[in-house]
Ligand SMILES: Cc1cc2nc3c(=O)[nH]c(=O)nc-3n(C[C@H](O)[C@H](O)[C@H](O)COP(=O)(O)OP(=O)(O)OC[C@H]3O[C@@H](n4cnc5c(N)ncnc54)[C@H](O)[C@@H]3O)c2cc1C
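This document starts with one chain, in the form predicted on its own, laid out as structure tokens.
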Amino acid sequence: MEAEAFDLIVFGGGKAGKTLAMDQAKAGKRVAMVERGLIGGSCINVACIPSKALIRSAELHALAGDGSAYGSPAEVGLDMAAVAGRTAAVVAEMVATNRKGFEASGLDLVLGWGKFVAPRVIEVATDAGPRRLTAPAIYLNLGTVADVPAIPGLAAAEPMTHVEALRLETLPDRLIVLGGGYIGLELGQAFRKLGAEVLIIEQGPQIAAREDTDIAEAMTTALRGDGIGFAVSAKVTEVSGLSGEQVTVTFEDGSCHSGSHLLVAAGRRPMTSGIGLELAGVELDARGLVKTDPQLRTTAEGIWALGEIAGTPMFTHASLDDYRVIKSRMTGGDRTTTGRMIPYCVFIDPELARVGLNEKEAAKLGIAYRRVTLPMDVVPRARTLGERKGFMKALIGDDDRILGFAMLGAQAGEVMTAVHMAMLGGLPYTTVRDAIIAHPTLAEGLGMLFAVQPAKP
């Protein structure tokens, strides 16, 4: 079979890949984008967008049920099929928007499973038959999938991953979540707000393992306040039953918990196996991630990797910056992945947002800092909203620049962005402290936070 020649091929249509493909197609290049079927990438289809749509439904349901606290008592029911329908509708709209963007750019969207059959040659099994594609430049953007740990009985129990959980049309009676990371916390709380009993199991000593202890403890307290149960430092040794009917998890100490549904949110693995990367000369590290340099070049000539399979943090906005790194190289720039400041949010209630260093990371790096904290309860806007849980925290360097910021509170992501801009500009914390910030807003709390006398930990 003769290979069709393109100027460049994007293998996988995640955020970085699809942005690059459309950009280059609009610039007049002949571009092929190989995608297994998730038009627009995982974020739109099975991750960020549908999960946040579900979370929004859960928030409104819980708020309506608590209406008496705001002077609006009412009986509240739940139509889980309608919740799933709204989530699917949000996804469908964004998929359609992405497809139109692809068509308008002029790229060749090749739908089907692809694999390398030779250096810089990809064969795709499409519905119309196999196609072989080649190009002098290939960009891998294949992403990751949920990992199911090798626990006896777990696979046989047919647990849900986030993909299936986001499509449920019947509310679980009792949901067991295996994993206390960000995905498990977001979905666990969403289903709790919708009315399910929820138990979150974490084998480590705290949920949200990468966060400082004070943040993790405050998150745990807030989630317990919603009625979520926790089992931490809990090693699951066996799973029995069938998710969707009756499932039981057994711990190392012999104790066990049962539920109607089991959700596995215990990490992700890169989609790098079984696609012929060895034939292309692309090397992987011990975790199965593609080895890249700071310009995202792989070990194979003419092949780059973007997004999660390159070890980029698993956030859509981080993947987008990988596109900027690649575009910089194309235009003679020197942008790299080194030293990037990547913010992130966890969409629980109260919301968590963080940028820069936390205390764990500063201590590990031997960086001296001073700390300021402020409870959200003292921020006037938080009180008017009835969103008084959580706190702000910032780390300040010896030169008065902000080293890191974390907030657990309402609209934390929006507030964090203001601090992020100050950090990018190298501004001293006093600039934020002395700024005239509109009242009453949640961002007004930043002035209050930085008015606190910084202290060493």
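Note that residue numbering begins at 1 and tracks the sequence as displayed. All values derive from a computational prediction rather than experimental measurement.
Same protein, other form: the form predicted in complex with the named molecule, not shown, and the subject of what follows.
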message = When the named molecule is placed as it is in the model of the complex, are G14, C43 and I275 each within 4.5 Å of it, taking any non-hydrogen atom of the residue?
response = yes
ask   = Any chance G112 has a heavy atom within 4.5 Å of the named molecule in the model of the complex?
value = yes
request  = Although the named molecule is absent from this view, report whether L142 comes within 4.5 Å of it in the model of the complex, heavy atoms only.
outcome  = yes
Contact test in the model of the complex: H317 vs the named molecule, heavy atoms, 4.5 Å = yes
message = My question is simply whether F347 lines the interface with the named molecule in the model of the complex - judged by any non-hydrogen atom within 4.5 Å.
response = yes
note = Interface check vs the named molecule in the model of the complex: of I396, A422, L38, A53, the one with a heavy atom inside 4.5 Å is L38
note = Of I402, V34, L408, V432, the only residue with a heavy atom within 4.5 Å of the named molecule in the model of the complex is V34
inquiry  = To test your reading of this chain, name the stretch in 218 to 226, 278 to 286, 179 to 187, 150 to 158 whose heavy atoms come within 4.5 Å of the named molecule in the model of the complex.
reply    = 179 to 187
message = For a quick check, can you give me the residues of 259 to 275 that have a heavy atom within 4.5 Å of the named molecule in the model of the complex?
response = R268, M271, I275
